[in-house]
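Encoded as structure tokens, the following chain is the form predicted alone, with no partner shown.
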């Protein structure tokens, strides 16, 4: 198993871990870094923790905040207060500053002086707050999209590389019924605008049920060419640019959101993982320790879980690191085009798209572009380091 110490031993690995850790800290503590609410304050002799109240709201543990009466925190004369470094949230439209405020612009707001450290956009939203909050959204989308890609890629890679074309037998009529119901489910989804996730779940449940029941049905059986089918699917996914497929799917969905964007990106990124896992399993299953495991009566599940996947994991981690970088670029491209997320959602790509409206507002392109560049470079450095470790270990 590849540890952090092995990665840290390489120069690129140090840069990768440092940059990724930096952005992870920003994502985890985004509300404490950029927020119009104070972290701690004292008002009329009472102590409050407004940022924490966002997490503990409804639990009755962090005090009563009804005294605000629709007033903002900037309009209150607080006895004591500790504000975040950036005194804005990503969606906070500043009425006191002009549009396209330059970096380090200062102004009076209520009883305090506030500053746009990295400037503001066309409607007065703070760029620094957008980058901080966008870090959380971008990394969340990339993480969960890659998680879905890994799940799909692992399943298809195992089916293709381990079982192949001559291992799985199916009942002919069960297979025909499966295809009919899958087509019916997807037709109903496109016609009635079901949730994209529900259609996927229903399809997965049907496929699993048929695979489980088919050998017990008897009747006319045939070998299901899993390897052939999956490799043709991979070729189809590889032949069409992922961005085009993503745009087409988002155009079908009436109200896309973060969940649908994660699911669609996850579906588009599985093919490389499945292909690499297939190649690794084809190589590993010919080794003597697999033959020995079969000889002592190990089941297919035990061989896959205990022997094949652990040995194939180092190569997969390299692919996942590069895939994470590609996912960030894909999400930034979609946000740059203004598709997939609502206008209220601020991400690195959405801030970058604001630069198209005013080329003189260079900060709208430089700062979010630098964040995307650093994160992608860090993921690529991590992938290079993992690949180097694999080569040396072999």
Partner chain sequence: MLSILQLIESPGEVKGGSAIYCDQDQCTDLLSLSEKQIASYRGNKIGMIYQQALAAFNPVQKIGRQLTEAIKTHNAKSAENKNHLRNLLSKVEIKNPDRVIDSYSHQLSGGQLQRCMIAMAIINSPNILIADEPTTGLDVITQKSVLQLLHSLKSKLNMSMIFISHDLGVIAEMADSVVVMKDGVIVERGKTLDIFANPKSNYTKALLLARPNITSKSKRLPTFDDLENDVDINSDLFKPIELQSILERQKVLLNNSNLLEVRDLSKSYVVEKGLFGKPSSQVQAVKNINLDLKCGEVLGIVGESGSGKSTLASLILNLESADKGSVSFKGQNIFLLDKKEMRTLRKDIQIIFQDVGGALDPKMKTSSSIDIALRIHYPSMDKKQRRDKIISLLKQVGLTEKHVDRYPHELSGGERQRVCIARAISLQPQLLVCDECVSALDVSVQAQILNLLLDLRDDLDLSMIFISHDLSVINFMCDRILIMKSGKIVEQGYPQDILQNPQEEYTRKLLAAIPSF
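Predicted model only: the values in this text are computed from it and were never measured. Numbering follows the first chain given and starts at 1.
Another form exists, predicted together with its partner chain; not displayed. Remarks below refer to it.
In the model of the complex, at least one heavy atom of residue 288 sits within 4.5 Å of a heavy atom of its partner chain. Of the heavy atoms in residue 80, none are within 4.5 Å of its partner chain in the model of the complex. Although the partner is absent from this view, residue 298 contacts its partner chain in the model of the complex, with a non-hydrogen atom inside 4.5 angstroms. In the model of the complex, at least one heavy atom of residue 310 sits within 4.5 Å of its partner chain. Only one listed stretch (117-125, 310-318, 267-275, 235-243) carries heavy atoms within 4.5 Å of its partner chain in the model of the complex, and that stretch is 310-318. In the model of the complex, no residue of the candidate spot (353, 358 and 360) has a heavy atom lying within 4.5 Å of its partner chain. Interface residue among 106, 140, 257, 292 relative to its partner chain in the model of the complex, by the heavy atom within 4.5 Å criterion: 292. In this stretch, 139-166, not one residue has a heavy atom within 4.5 Å of its partner chain in the model of the complex; the partner itself is omitted from this view.
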